[in-house]
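The form predicted on its own is given below as one chain in structure tokens.
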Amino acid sequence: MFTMTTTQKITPELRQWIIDQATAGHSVTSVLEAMKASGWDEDVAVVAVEETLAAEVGRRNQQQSLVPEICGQAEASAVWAHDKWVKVLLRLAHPRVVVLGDFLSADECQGLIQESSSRLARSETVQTVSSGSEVNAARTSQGMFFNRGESDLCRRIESRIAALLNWPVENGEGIQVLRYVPGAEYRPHYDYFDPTQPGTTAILKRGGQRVGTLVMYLNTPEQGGATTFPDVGLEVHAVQGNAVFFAYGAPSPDTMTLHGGAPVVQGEKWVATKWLRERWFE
């Protein structure tokens, strides 16, 4: 933090510090309190924060890609992603949702299932109160995480995702594989980390906010198991090899990315999920 002892000058270093605090999930109030505690005049602090954040929002709005985006032309029915053509089956502008066909081959789907089967455990959710994780009644699947680049198969799929979404491999979490048996579900939720929770600051240190999600379907359940978007009444059926991508440029319900995994009725559902972060995920 920059302590002012003589003049109250708003420097580039101070502006960068304000941006860093906001990116880490700190509220405007907490930033102002920290500045005042370091000797800043309240009026000067307010001006510094307001001007800096307004300028940063404008700068980001001018960038081509603040969040992962499907590469290629908006009207394209298929896009080249690293090593294969991927079909574009549906696009929504708000929320940013794209349904993809033939993203994974049948062999790749089976490979992920085989490589993950022996490592499954009861799925947990991130606990933003403490930055840990916990078993949650809203999520009744089994799952596991691969380390990023853990196997040849993971590396190939991660490279395809990076090319498809124009987002660095390093900015992604490891692939998570989930298995849902009959009756298992994941109730509607958001994938971003709630910036108002005390544990979020620690979570964001590993790579910033989540800004996009890709759900890949590894099999086709006999009945049920769709990915639902309640805010827009959209249901994406789980079809082997297909995927659904959605992005959220801010940790806010305004993104309309509330989504869930409907209960599996017959058979079982296997999915692989990839979460994209703002920056390098450690």
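Position 1 is the first residue in the sequence shown; the rest follow in order. Bear in mind the structure is a predicted one, so any value in this text is a computation, not a measurement.
The same protein also has a form predicted in complex with a small molecule, omitted here; what follows describes it.
K.L.:
Select from the listed residues D191, E173, D194, D102 the one whose heavy atoms reach within 4.5 Å of the small molecule in the predicted complex.
P.N.:
Checked against the cut-off, the match is D191.
K.L.:
Please tell me which of I203, V86, V97, L178 lies within 4.5 Å of the small molecule in the predicted complex, judged by heavy atoms.
P.N.:
None of the other options qualify; the answer is L178.
K.L.:
155 to 163, 178 to 186, 78 to 86, 112 to 120: which one contacts the small molecule in the predicted complex at 4.5 Å, heavy atom to heavy atom?
P.N.:
It is the stretch 178 to 186.
K.L.:
Is the gap between G267 and the small molecule in the predicted complex 4.5 Å or less for some heavy atom pair?
P.N.:
Answer no; every heavy atom of G267 is more than 4.5 Å from the small molecule in the predicted complex.
K.L.:
Taking the shortest heavy atom distance, is Q21 within 4.5 Å of the small molecule in the predicted complex?
P.N.:
Outside the cut-off, so no.
K.L.:
Looking at the partner-bound form in the predicted complex, is F281 within 4.5 Å of the small molecule by any heavy atom?
P.N.:
Outside the cut-off, so no.
K.L.:
Taking 4.5 angstroms as the cut-off for heavy atoms, does G260 touch the small molecule in the predicted complex?
P.N.:
Output for G260 is yes: heavy atoms within 4.5 Å of the small molecule.
K.L.:
Counting heavy atoms only and using a 4.5 Å cut-off, do W17, A45 and V49 all touch the small molecule in the predicted complex?
P.N.:
No, the whole trio is out of contact, none within 4.5 Å by any heavy atom.
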